[in-house]
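What follows is one chain in structure tokens, specifically the form predicted on its own.
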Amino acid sequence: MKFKIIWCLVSIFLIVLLYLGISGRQVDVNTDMVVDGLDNETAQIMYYAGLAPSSHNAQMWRAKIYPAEGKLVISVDETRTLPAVDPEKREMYISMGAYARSCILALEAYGYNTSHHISDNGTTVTINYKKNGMATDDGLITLMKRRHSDKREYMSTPLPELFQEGLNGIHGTVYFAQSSDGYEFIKKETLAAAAEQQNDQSVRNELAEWLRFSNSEVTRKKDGISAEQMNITGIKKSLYYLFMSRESAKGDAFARKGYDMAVEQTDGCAGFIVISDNDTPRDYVNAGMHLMEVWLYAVRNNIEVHPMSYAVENPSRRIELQRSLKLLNPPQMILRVGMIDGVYGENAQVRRDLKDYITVEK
């Protein structure tokens, strides 16, 4: 009898979830790849390029394509900035750089030779491309599709030495293993900055605007941070969407939970990768390009990546990190890295329709 009552209650609960449209299933955004004047192959290339990372998954870029000239011009989208955590627009330019590098890689994967130029002020990246007759590199496309941010706890197992050595070939990249003093300093600064942001209501409010609280909101907006992107799946996802709201995400309890997660995450990893470059928009774009190279290199080696930007979002902390870590240039990105005890994560592919940010020039 007791079992029947429990089963009835569970059934009623599941029916309520379905009625409210709160599902634990994997969300399918179905990004529309139709753009006036864009052929199918180029549309496919631009879709894969759009899987590039961006802060809060804000996708703060625009693209103009000139098919007759074989030219692509990428610029920033000032309407999608993050003024609370990124008042310098530093992460906006880094995100644009990651997208530009992703465009180059996607074009090359489809058999195009490319060259690029970053404007002196960093506001545009021009990519010239020409078909070279090579076959499509499905392996590279697979890497781009697998790239994702994983917020789970990683194993503290040291990363393979060959992987660490390979990082040395990527400009401005330094690895700090968990056993190093540099790791401890990064961890301390990261948590101190996370505590500051926890108590900053403007940061809370901004994050809440980019969080998504149902599958329908994810499929409607096609940007921001879904439950999957926070590694919340199944029944936990259903409960998260049922009990969380934009207003509750602005509150003290949610902020404290975020800080507690940061403590667990900085403890649960093999180390930190730091990408550094000069403090100009042009150099931020370059840092974004190097970010993409580092991330795909990690994916190739089944190493998980999670950007932890708290400390580098504070100019004074960037200076202190540069001094204490003995970096040639200020740090622009800090990546928590490690191997996972379980199934390697996947990209939720929450991306906007191409026509929302791509135009074709005759």
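Sequential numbering from 1, following the sequence displayed. Small disclaimer: the values here were computed from a predicted structure and weren't measured.
Same protein, other form: the form predicted together with a small molecule, not shown, and the subject of what follows.
Engineer: Although the small molecule is absent from this view, report whether Leu51 comes within 4.5 Å of it in the predicted complex, heavy atoms only.
Structural biologist: Contact check for Leu51: yes, within 4.5 Å of the small molecule in the predicted complex.
Engineer: Can you work out whether Lys151 and the small molecule are in contact in the predicted complex, taking contact to mean some heavy atom pair no more than 4.5 Å apart?
Structural biologist: Contact check for Lys151: yes, within 4.5 Å of the small molecule in the predicted complex.
Engineer: Is there a heavy atom of His56 no more than 4.5 Å from a heavy atom of the small molecule in the predicted complex?
Structural biologist: Result yes; His56 sits at the interface with the small molecule in the predicted complex.
Engineer: Give a yes or no for Arg318: in the predicted complex, does one of its heavy atoms lie within 4.5 Å of a heavy atom belonging to the small molecule?
Structural biologist: No - in the predicted complex, heavy atoms of Arg318 and the small molecule never come within 4.5 Å of each other.
Engineer: Based on heavy atom distances of 4.5 Å or less, which listed stretch (64-72, 307-315, 323-331, 38-46) is in contact with the small molecule in the predicted complex?
Structural biologist: Flagged stretch: 307-315.
Engineer: Judged by heavy atoms and a 4.5 Å cut-off, are Ser95, Arg147 and Gln229 together in contact with the small molecule in the predicted complex?
Structural biologist: Every listed residue reaches the small molecule in the predicted complex, so yes.
Engineer: Of Cys269, Ala106, Leu291, Ile186, which residue is found within 4.5 angstroms of the small molecule in the predicted complex when only non-hydrogen atoms are counted?
Structural biologist: Selected residue: Leu291.
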